[in-house]
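Given as structure tokens, the chain that follows is alone and in the form predicted on its own.
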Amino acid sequence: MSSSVFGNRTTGLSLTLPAALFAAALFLVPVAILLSEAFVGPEGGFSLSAYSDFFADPRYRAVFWRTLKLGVLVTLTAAIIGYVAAFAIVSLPPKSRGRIFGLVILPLMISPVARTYAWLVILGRTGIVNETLGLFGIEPIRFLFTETAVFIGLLQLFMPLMIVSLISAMENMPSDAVPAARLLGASWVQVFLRVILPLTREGLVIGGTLVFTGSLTAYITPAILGGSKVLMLETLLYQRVTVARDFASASVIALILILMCFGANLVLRRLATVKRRTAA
């Protein structure tokens, strides 16, 4: 019995070894080399001066907080809309559910560049939104190159990932959990907080991680809809590399983005663990 288990484990490790070596050689090694430059001082040797210089600059601090704020707002909004949409989709008959689910994942099959440029047509000064406002005598509103435009673009870009994650989690819920809670007199708020949320926490962790990390690391949408007026860490990273040739600052920004992504996943998992203990 033990030899069989050991043999299966050895076989599994041998099968995953090529993929692990490939990832290490083409991903981990270059990233490690890039990030190591952020710990080298002006005169050589280990130093954290690059990080102190980054956060000492008010402009860089503003970019950091803007990126974090938009990432959190996009994730929270996607979670709120995602729960409503996922619950409605799961409640549909199987045939209708498949069709709506296909519409949800349809945007993921379209290039992010095309989806982002579509917002130029919608939010531009002569776009659909301002043309509609003009019919009511309202002066054109500047949507483009604002945080609002970046928020809308990021939300549209990554919200399907949240909905798909929550649908997968809700499909694994007991079918009689919600009706039983309602029958016992629980309000919809209580049903969500005490039944749906604890049973779908893993889906929320996965969806929240995907949306938050995607919002932090997306480049095309902030570059097109925000431009140089709404800099985020990813667009600042591109400028530091291609324009200023400042690889030390670029390494600092890259490490900050990586730590923010891992931190978001840890926070979401911590919250899920707390909810699990509370429910128990």
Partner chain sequence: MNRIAAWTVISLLLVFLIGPFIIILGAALSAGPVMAFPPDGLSLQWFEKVFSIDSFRSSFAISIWLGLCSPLAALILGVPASYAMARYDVRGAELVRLLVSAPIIVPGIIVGLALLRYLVIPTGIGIGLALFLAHTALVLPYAVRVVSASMDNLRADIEEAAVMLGCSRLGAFLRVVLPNIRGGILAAFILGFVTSFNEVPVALFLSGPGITTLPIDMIGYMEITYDPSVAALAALLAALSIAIVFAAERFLGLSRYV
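Numbering follows the first chain given and starts at 1. Values in this document were obtained by computation on a predicted structure and should not be read as measured data.
Just so it is clear, the following notes concern the form predicted in complex with its partner chain, a form of the same protein that is not shown.
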**Request:** Counting non-hydrogen atoms within 4.5 angstroms of its partner chain in the predicted bound form, say which of 114, 184, 138, 189 makes the cut.
**Result:** 114
**Complete:** The listed residue (170, 205, 159, 195) that reaches within 4.5 Å of its partner chain in the predicted bound form by any heavy atom is 159
**Prompt:** Quick one: does residue 52 come within 4.5 Å of its partner chain in the predicted bound form, counting heavy atoms only?
**Reply:** no
**Request:** Check whether residue 65 has any heavy atom within 4.5 Å of a heavy atom of its partner chain in the predicted bound form, and answer yes or no.
**Result:** no
**Prompt:** residue 217: heavy atom within 4.5 Å of its partner chain in the predicted bound form?
**Reply:** yes
**Request:** Mark residue 40 yes when one of its heavy atoms lies within 4.5 Å of a heavy atom of its partner chain in the predicted bound form, and no otherwise.
**Result:** no
**Request:** Verify the flagged residues 56, 150 and 271 against its partner chain in the predicted bound form: is each one within 4.5 Å by a non-hydrogen atom?
**Result:** no
**Request:** Determine the residues of 18-39 with a heavy atom within 4.5 Å of its partner chain in the predicted bound form and present them in sequence order; the list may be empty.
**Result:** 18, 19, 20, 22, 23, 24, 26, 27, 28, 30, 31, 33, 34, 37
